[in-house]
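Encoded as structure tokens, the following chain is the form predicted on its own, with no partner shown.
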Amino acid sequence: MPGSCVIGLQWGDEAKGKLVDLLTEQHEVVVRYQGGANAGHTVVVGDEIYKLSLIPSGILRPGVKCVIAGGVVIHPATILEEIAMLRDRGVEVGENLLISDRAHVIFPWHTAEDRVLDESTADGENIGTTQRGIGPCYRDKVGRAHAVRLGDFYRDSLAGRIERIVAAKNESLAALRPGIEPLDAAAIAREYAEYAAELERHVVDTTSFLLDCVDRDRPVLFEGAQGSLLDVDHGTYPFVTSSNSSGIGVAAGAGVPPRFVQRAIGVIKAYSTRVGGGPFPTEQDNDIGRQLRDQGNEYGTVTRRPRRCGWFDAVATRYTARIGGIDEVAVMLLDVLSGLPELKICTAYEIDGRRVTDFPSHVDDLRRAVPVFETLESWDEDVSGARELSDLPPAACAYLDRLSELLERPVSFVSVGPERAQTIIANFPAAASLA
């Protein structure tokens, strides 16, 4: 079986974790390849709810190897807390978890920089960082001079490197915020030496491991974090994350050839959400938006911040489906739309009086975009018990058909609730088959 990937096509929070959990049954290895602990994947197994930030969702399936690849940035305390949480709940975390020695490490100076720099964003609009040090860690990765990789933990020179970095970081932080308390290099070195000892059994050359999987044609599932509209190169810059969260990031983050990934599944909500600042053309800052937030429990898995909510944006999502080479689509949280008075889908933008269907490359153009909506019939039925296409109301099938048509991809999965069983596996268009 060739490699597969699961990619969020919106601004994140598309319920990718549930789909990864379902698909893990068909794969031997699950790989997280980018991002940091700013991701939040929620998986419901029976009465148990698991919230994961760094460890792939495949950890909940026995016999599956879970890999955190070199494109991820690691906060050691966070991943150790996650490991402890899983073990306390009876989930095995041992040889089934591999962490790349190439992964870059988040230190206290990164979180300090995140807090200071987030206050000085352009025009005072918050970019939406979780202030967990992810962005500054990626900045140091590219800058190289102050970067530390997980494999460096097991070198005699680590304490000296931390001392040199802290001296430089204290100087720059004091310039940005006079009077800030300086970092203690010796204390950080001691703390991180303890982390190194606890993580050592998991730290390996995951690139070699994954290339062996490629050579042996093992079934590997690549698990994206955040969403494609937050991609640092192709998203709504500067209101983006610090890594390639679209489908183009798989090969670089994991260290595998692109041709190995032959199935790309795009994950979308049946509506749109966004966290933090940045343009959001279909946002509904009104009763509809509040109803979507309440019915969808739209609060961040990691931060608990309320999400901005709005109608589905087919312009933005078709763009990310094209970038990611998406073959098929999973529509999540369809049940949230039940009971709304009407449904709308954005099919185009009007920018300065001109109608466009291509997603703008500049954030200022997106701010001026006025959505062109198409109204569809809604439904009142509770669809959370649906398990087959025939269980869905005709209006729900018509809505899914329209999404498939606009995105020019088949809809292969439909989620009507958080549990594993609340998933319809079928190919749309479907309305014709129910006529």
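Each residue number is its position in the shown sequence, starting from 1. Note that the structure is a prediction, hence the values are computed from the model and not measured.
Omitted from view is the form predicted in complex with a small molecule, to which the following refers.
Using a 4.5 angstroms limit between non-hydrogen atoms, residue 307 touches the small molecule in the predicted complex. For residue 82, no non-hydrogen atom is located within 4.5 Å of the small molecule in the predicted complex, even though that partner is not displayed.
Using a 4.5 angstroms threshold between heavy atoms, residue 21 stays clear of the small molecule in the predicted complex. For residue 40, a non-hydrogen atom is located within 4.5 Å of the small molecule in the predicted complex, even though that partner is not displayed. Figure note: of the listed segments 313 to 321, 359 to 367, 328 to 336, 202 to 210, the one touching the small molecule in the predicted complex, with heavy atoms no more than 4.5 Å away, is 328 to 336.
The listed set 44, 376, 389, 372 contains one residue whose heavy atoms approach the small molecule in the predicted complex to within 4.5 Å, identified as 44.
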